[in-house]
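Heads up, the chain below is alone and in the form predicted on its own; it's given as structure tokens.
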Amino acid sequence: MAGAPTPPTEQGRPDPDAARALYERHADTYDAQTGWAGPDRARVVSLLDLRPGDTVVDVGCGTGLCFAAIEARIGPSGRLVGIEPCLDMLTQAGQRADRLGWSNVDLRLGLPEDQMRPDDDLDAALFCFTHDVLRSRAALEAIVGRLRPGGRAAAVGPMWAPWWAPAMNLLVWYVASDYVTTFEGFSEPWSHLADLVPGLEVERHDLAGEYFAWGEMTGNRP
């Protein structure tokens, strides 16, 4: 894409081993480094339209920065599944849940395609700043395949600004390169999700290099 600085070494498929190494390096400072994204996290959780008692998966949950917004909506009768491949990040998510008394949090270490279970009936799936996951068809199929009829998915993350905004694209690359292992699909990071979630809506913030995407699975929600 013209105007988007994408080094050849950062093209291609997501690299789970490289991603784990990235997040091991950032684990201790991740909350402070990404504090600016707080409003985006709150907004993307709101797009899931959660209800008390819902079962939600937070894919690539990191240190659990979205947990509070989810818990406020699903309540103690709900269930929050957090999937994260980096042990250091997941450990902090567990400490957060313990500290705040959330006994309905089920944390799983590994990749989404390996951690979903046959009895995981989901009301909602969250993809918050998880570009590598969104570019993994296997991961998305594993998650979306467990959504009930009427279940919802929502995503937020970085994307390339228009080609005529090279300064913004340089900033996007500079920030995102610390947290992703591929820039493949960075023009439309939601494209695989759109294949799996009918009628996915996308809100592009082109000049900010950011998007929100959300949609509902076919069928009536119970």
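Owing to the predicted nature of the structure, the values given are computational and were not obtained by experimental measurement. Numbers follow the displayed sequence, beginning with 1.
There is also a form predicted together with a small molecule; it is not shown, and the following applies to it.
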Are all three residues Y30, G62 and M89 in contact with the small molecule in the predicted bound form, where contact means a non-hydrogen atom within 4.5 Å? yes
The small molecule contact at V133 in the predicted bound form, heavy atom, 4.5 Å: yes
W173 near the small molecule in the predicted bound form, any heavy atom under 4.5 Å? no
Contact test in the predicted bound form: R41 vs the small molecule, heavy atoms, 4.5 Å: yes
Verify the contact flag for Y179: yes if a non-hydrogen atom of it lies within 4.5 Å of a non-hydrogen atom of the small molecule in the predicted bound form, no if not. yes
For the chain seen here without its partner, which of 159-167, 187-195, 45-53, 63-71 has a heavy atom within 4.5 Å of the small molecule in the predicted bound form? 63-71
State the residue from L122, L111, V105, A142 whose non-hydrogen atoms include one within 4.5 Å of the small molecule in the predicted bound form. L111
